[in-house]
Ligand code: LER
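Listed next as structure tokens is one chain, alone, in the form predicted on its own.
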Amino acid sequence: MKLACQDGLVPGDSLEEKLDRLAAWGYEGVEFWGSDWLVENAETVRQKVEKAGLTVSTVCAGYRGSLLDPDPSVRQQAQKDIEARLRAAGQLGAVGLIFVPIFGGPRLPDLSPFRSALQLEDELLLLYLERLAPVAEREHTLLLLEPLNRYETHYLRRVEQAVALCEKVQAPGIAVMADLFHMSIEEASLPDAIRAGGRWIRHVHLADSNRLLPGWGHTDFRSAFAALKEIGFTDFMALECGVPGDPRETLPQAASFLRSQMT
């Protein structure tokens, strides 16, 4: 298992300075927000990351719209943006693009008894996943489904739900990202949810129970990491959290803490 950190958490006047600091602090990878700037400069960014001795772990969202919007033009925009970020993830050598199907409540209508809003969302999302999976596969990267918690979405809140979608699509370009913060709200057991996720889990987000740096709350990282080892997980785990105090002190401390929990 390898540690990464989102670039926005790292202080520095330039990308080079941020990357050098991450490497010095014990991180092996960096996760980028999927901005237009990143998409347009993927090869340059990759060269800078490699020069610092790091790897791009993942690209986090950055696309407009939603694939579960009732407006076809909004869905079309989302698909176009996601495809562009999958291509960038491939250029960057990233594990994948992190994808949240929808935030908040449903936007599709309830057409019961024909279809509920949730049933419509399932069918529509599967259609788009079947379209996007070949793009990810062609770019040698993954579209990573991220379950959130009940306060941020009504849809896709547990690892097992993301796995069910992957199993329906059955395509090598689709996988799951497990976020320990969201899981601490929605899952009865972090280790059990990870074991159930099995081979589908290809990336992990790290935050403590209070969504601050690991070590600042009460999440049992040791048991979660033990379960990740059981399923043969060897990919990146990236910090996505608040950073208390001086990041130049607390980010190195977090890396040391996390490594202590892996033993």
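Quantities reported herein were computed from a predicted structural model and do not represent experimental measurements. Start at 1 and count along the sequence shown; that's the residue number.
FYI, the form predicted together with ligand LER isn't displayed, but the following is about it.
When ligand LER is placed as it is in the model of the complex, are 37, 80 and 83 each within 4.5 Å of it, taking any non-hydrogen atom of the residue?
No, the candidate spot makes no contact with ligand LER.
Just one of 69 to 77, 146 to 154, 113 to 121, 159 to 167 has heavy atoms within 4.5 Å of ligand LER in the model of the complex; which?
Selected range: 146 to 154.
Among the candidate residues 60, 213, 201, 237, which is the single one with a non-hydrogen atom no more than 4.5 Å from ligand LER in the model of the complex?
In short, 60.
Counting any non-hydrogen atom inside 4.5 Å, which residue from 92, 190, 100, 133 sits next to ligand LER in the model of the complex?
Checking each option against ligand LER in the model of the complex, the one that comes within 4.5 Å is 100.
Counting only non-hydrogen atoms and a 4.5 angstroms cut-off, does residue 179 reach ligand LER in the model of the complex?
Yes, residue 179 is a contact residue.
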